[in-house]
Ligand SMILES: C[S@@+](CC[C@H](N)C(=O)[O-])C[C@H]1O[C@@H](n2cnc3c(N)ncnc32)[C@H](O)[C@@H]1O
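A single chain, nothing else alongside it, follows as structure tokens in the form predicted on its own.
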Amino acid sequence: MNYRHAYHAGNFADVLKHAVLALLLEHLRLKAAPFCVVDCHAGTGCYDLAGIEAGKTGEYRDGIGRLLAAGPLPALLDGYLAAVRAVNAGEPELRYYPGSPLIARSLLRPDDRLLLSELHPEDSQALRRLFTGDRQVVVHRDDAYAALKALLPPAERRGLVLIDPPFEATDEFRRLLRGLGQALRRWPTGIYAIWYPIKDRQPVEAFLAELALLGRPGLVAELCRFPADSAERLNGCGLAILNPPWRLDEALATLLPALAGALEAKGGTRLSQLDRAIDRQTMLS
């Protein structure tokens, strides 16, 4: 309950997460049938980069700030960057950063829906204010894993679940696996995008190996600002994507190097099939 994303909004981890989120939603838009997006760690939805929290860390400067200042970028980033520019319309420079709810909302069609869950009381209230009167968006104040149980499967039967924990709990990987197991039993065909931090590599590999044992096809996409030589800092982050859309791997093969170059990420990138993690790593204890 203490984590506030405002301190980290727009950093390199947000850039990877939100660029991939936009890609996934653009894939869903290719078919006419409505889809539903479930964001179970929704935050406030929008962040003031000139505010006290963001000003204390300045992390956005090495994230969205670098990306916007970079040279030509692939068209794969157009949807994501359009959402960033939309919240800054009329501003002389970068001032606001859209969270995943606003990015997702920008890519909904008239029959699509967005279901948001946020447990922090102040952030949940801010989220409700942001989407007041929007009939395509429903905001819940609930624990993320309880929300997965309550909201799945959606009536649309097509869609995406974004799981983006703050990783305050020491057993978050274990909680993620339990929550995902329950979610997949309720909605085995949904797309699941799971964000995770990379500090110490071993717990990450153990998590991915157990995630693969859930039996769904998956991709792993990672971006590291630093080599993984210190467990005391956030070296990088990744997204594990279950039930990925067709040809997403091809899009990520273009996107990840472009992001690494624009963000001057010295730790490199990783793109692999999830099932390759099995038998390569020890399991979580």
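Residue numbers here begin at 1 and follow the sequence given. The structure displayed is predicted, hence computed values, not measured ones.
Beyond the structure shown, there is the form predicted in complex with the named molecule, which is absent from this document and is the topic of what follows.
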Original post:
26 to 34, 43 to 51, 251 to 259, 217 to 225: which one contacts the named molecule in the predicted complex at 4.5 Å, heavy atom to heavy atom?
Top reply: 43 to 51
Subject >> Among the candidates D78, D143, D200, E91, the residue which, in the predicted complex, approaches the named molecule to within 4.5 Å (heavy atoms) >> reply: D143
**OP:** Select from the listed residues R185, R157, R109, R175 the one whose heavy atoms reach within 4.5 Å of the named molecule in the predicted complex.
**Re:** R175
**OP:** Tell me, yes or no, whether L119 is in contact with the named molecule in the predicted complex, where a contact means a heavy atom of each within 4.5 Å.
**Re:** yes
**OP:** Evaluate P101 for contact with the named molecule in the predicted complex, applying a 4.5 angstroms cut-off between non-hydrogen atoms, and reply yes or no.
**Re:** yes
Original post:
Even though the named molecule is not shown here, does P166 get within 4.5 Å of it in the predicted complex, heavy atoms only?
Top reply: yes
